[in-house]
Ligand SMILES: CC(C)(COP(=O)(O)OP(=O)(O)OC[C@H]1O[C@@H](n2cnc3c(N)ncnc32)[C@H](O)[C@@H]1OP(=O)(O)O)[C@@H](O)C(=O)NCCC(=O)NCCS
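The chain below stands alone and is given in structure tokens; this is the form predicted alone.
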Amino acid sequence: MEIRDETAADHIAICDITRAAFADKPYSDQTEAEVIEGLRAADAIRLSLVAVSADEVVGNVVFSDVAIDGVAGWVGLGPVSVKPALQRGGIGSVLIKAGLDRIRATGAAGCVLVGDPGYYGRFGFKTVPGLGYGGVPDDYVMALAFGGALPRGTIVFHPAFGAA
């Protein structure tokens, strides 16, 4: 499996995989593909990696800048998607680790996300008292600092997350 930057030729496959990956997830509003398209249209994707196996895109992870009450340099992780038949095979983990390494190397302060603590905790993400996101239970709002202090405040993701 190869992990590489997305190209324009990958956009349709990313959309299809993302729609399929979230289609039956009860926690999803099934707008993740539209979020990616909105970020792309606004030139707001900081990093988008794809996993390729046998010349086929099988997974994707996206990172975009976020605002946190005056704290600079933080990036948001998500969406991350893997072709349904290949889920739980480690592709998502490989994409996330590769993406975090790349984002860390750019000098970002850290990364935040809204997600399952049982899954994202394995990458070093943790809940942070005083860090929140629009009515989401605090247990699902997580951060990973790349060297400095963990942020406090309200996370504001790109408007594409709400417009979808």
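Residue positions are given as counts along the sequence shown, with the first one as 1. Keep in mind that this is a model prediction, so the values were computed, not measured.
The form predicted in complex with the ligand exists for this protein as well; it is not shown, and the discussion that follows is about that form.
K.L.:
Counting only heavy atoms and a 4.5 Å cutoff, which of 115 to 123, 128 to 136, 41 to 49, 99 to 107 contacts the ligand in the model of the complex?
P.N.:
In short, 115 to 123.
K.L.:
Which one, 141, 21, 14, 144, lies within 4.5 Å of the ligand in the model of the complex by heavy atoms?
P.N.:
Of the listed residues, the single hit is 21.
K.L.:
Is residue 75 close enough to touch the ligand in the model of the complex, meaning at least one heavy atom pair within 4.5 Å?
P.N.:
Result no; residue 75 lies far from the ligand in the model of the complex.
K.L.:
Would the ligand be touched by all three of 25, 82 and 90 in the model of the complex, meaning a heavy atom each within 4.5 Å?
P.N.:
Looking in the model of the complex, the three residues 25, 82 and 90 all sit within 4.5 Å of the ligand (heavy atoms).
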